[in-house]
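One chain comes next, on its own, written out as structure tokens in the form predicted alone.
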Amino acid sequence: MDRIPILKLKNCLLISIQTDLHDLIITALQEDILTEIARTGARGVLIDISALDIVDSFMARTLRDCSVMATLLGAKVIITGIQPAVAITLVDLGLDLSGITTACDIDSGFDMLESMPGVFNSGRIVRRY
């Protein structure tokens, strides 16, 4: 079975999905992300799906569930690169996507993570004199 690579950048995990997903791969990815959060203490997770033309209801629910589970582990999840056709399909399916934070692209996603306290820094207040 193919595995999606997970890269670590500072306190964040970067996942760029470049292959068509099926149920086994997305389920394995969810487990891998949660394992990596627990192993590395990552505070942010950026999942780029810009290469996906299709996201079905199972994939959308799995990504939403992964976001909720990551939050329980102390990490923020941002999904980037949702294609217009995918957004239309997700809305037409009537899926509850509450709790999912999105950004247009990876740059915007990293900007959002940088603005969140404790993601790219320790959350400590550094006093400068």
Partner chain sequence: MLAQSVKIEDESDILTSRRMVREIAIKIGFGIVDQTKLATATSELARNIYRYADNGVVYIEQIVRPPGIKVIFQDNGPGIDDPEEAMKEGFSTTPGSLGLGLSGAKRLVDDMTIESEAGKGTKIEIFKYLP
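Keep in mind it's a predicted model, so treat the numbers as computed, not measured. Numbering follows the first chain given and starts at 1.
As for the form predicted together with its partner chain, it is not shown, yet the points below apply to it.
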### Summary
Among 51, 28, 68, 88, just one has a heavy atom within 4.5 Å of its partner chain in the model of the complex, namely 88
### Summary
Contact with its partner chain in the model of the complex, heavy atom within 4.5 Å, among 100, 95, 73, 82 goes to 95
### Message
Just checking whether residue 21 would be counted as a contact of its partner chain in the model of the complex - the rule being heavy atoms within 4.5 angstroms.
### Response
yes
### Message
Taking its partner chain as it sits in the model of the complex, is residue 35 in contact with it (heavy atom to heavy atom, 4.5 Å or less)?
### Response
no
### Query
Does residue 57 reach its partner chain in the model of the complex if we count a contact as any heavy atom within 4.5 Å?
yes
### Query
Can you say which of 41-49, 100-108, 73-81, 58-66 gets within 4.5 Å of its partner chain in the model of the complex, counting heavy atoms only?
58-66
